[in-house]
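Next up: just one chain, as structure tokens, the form predicted on its own.
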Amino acid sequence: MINFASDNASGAHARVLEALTRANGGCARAYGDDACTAAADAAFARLFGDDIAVFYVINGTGANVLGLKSLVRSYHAVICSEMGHINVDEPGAPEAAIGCKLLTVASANGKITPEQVLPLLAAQGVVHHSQPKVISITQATEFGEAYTPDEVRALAELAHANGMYLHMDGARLANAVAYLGCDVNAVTRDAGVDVLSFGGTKNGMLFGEAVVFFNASAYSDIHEAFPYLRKQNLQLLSKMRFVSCQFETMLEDGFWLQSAAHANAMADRLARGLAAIDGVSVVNRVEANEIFAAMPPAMIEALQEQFYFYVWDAVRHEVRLVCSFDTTEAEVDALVAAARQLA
């Protein structure tokens, strides 16, 4: 089976495996007090600047939940898209682990706007309602589209003007930045993001994500509590070097963006190929590494005999196809050719 189901289904990049092999030599202090973690911290500082705090965790749900948990109390609410990963694909983890409520905004492409968020802020100060405290966005969205720096900044300004924070789920941040062609700070730190889940697993790492706090000196009470939250919530790795060494090598020489740019290019190639086939329509703007396409049910069934992918919406006969760092032109062309033959 050729993988178009998820960038989580791909293996790890050879460069990452080499870093893990190097880190595996000898012993090292546990829980992050090691040379690999110090080197990864320095790499993040070079990327984002000095006034940050970085913490490494096991997976994306852990990064999102702990990033949000550090910002809220149980009577607070987090505003997000109705298709946001924290709302749809982390089965109640934010509510269970944080104890707060998610307030969702309807969205066709995963993006939310200040105009959509503003009515929900009427609950502020009303003792009978959960208090909105965080706006959480996904970059790139679950529908494969990227927030521009101006779109992020507008949400951050609304949040900060109302005593709230802006959280970014950046599981596919690399793909969004590669598409936008901007500096990563333009769409995160400089745009007003307070806490970022920095993705690694979907971009060629074996496992691991990072939680990044911006303006750390201003939020010292928040990020100084994070190590205890991380331990309490089962996300502190004893052999931390095996996550941090991966980030060190991914951030070296812009490799994290090169890997994502390749996945994006394969997605663009696939989208253009499918769009030229009778009976197939690409229904999203392909701005990252995900394609959403509507096609006849018989075609879907036949293609799934050779290619691994998911049906996104059975009613609309819509599938999701994801390209990865290791997707090849030959694999893309094979899927397009098979679809064309079936059409």
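In this text the structure is predicted, and so the values were computed from the model without any measurement. For every residue, the number given is its place in the sequence shown, counted from 1.
Keep in mind that the form predicted in complex with another copy of the chain is not shown, yet the notes after this line are about it.
Another copy of the chain isn't shown here, but in the model of the complex which of 162, 109, 113, 233 has a heavy atom within 4.5 Å of it? Filtering the options by heavy-atom distance leaves 233.
Counting only heavy atoms and a 4.5 Å cut-off, does another copy of the chain in the model of the complex sit next to every one of 41, 157 and 253? Spot residues vs another copy of the chain: no contact at all.
Is residue 207 close to another copy of the chain in the model of the complex, meaning a heavy atom pair under 4.5 Å apart or at it? Within the cut-off, so yes.
Is there a heavy atom of residue 167 no more than 4.5 Å from a heavy atom of another copy of the chain in the model of the complex? Outside the cut-off, so no.
Non-hydrogen atom contact residue 90 with another copy of the chain in the model of the complex at 4.5 angstroms: Because a heavy atom of residue 90 falls inside 4.5 Å of another copy of the chain in the model of the complex, the answer is yes.
In the model of the complex, does residue 105 have a heavy atom within 4.5 Å of another copy of the chain? It does not: once another copy of the chain is placed as it appears in the model of the complex, residue 105 has no heavy atom within 4.5 Å of it.
Given that the partner is absent here, state which listed stretch (268 to 276, 253 to 261, 71 to 79, 135 to 143) has heavy atoms within 4.5 Å of another copy of the chain in the model of the complex. That would be 71 to 79.
Residues in 214 to 242 with any heavy atom within 4.5 Å of another copy of the chain in the model of the complex: Residues within 4.5 Å: 221, 224, 225, 227, 228, 229, 231, 232, 233, 234, 235, 236, 237, 238, 239, 241, 242.
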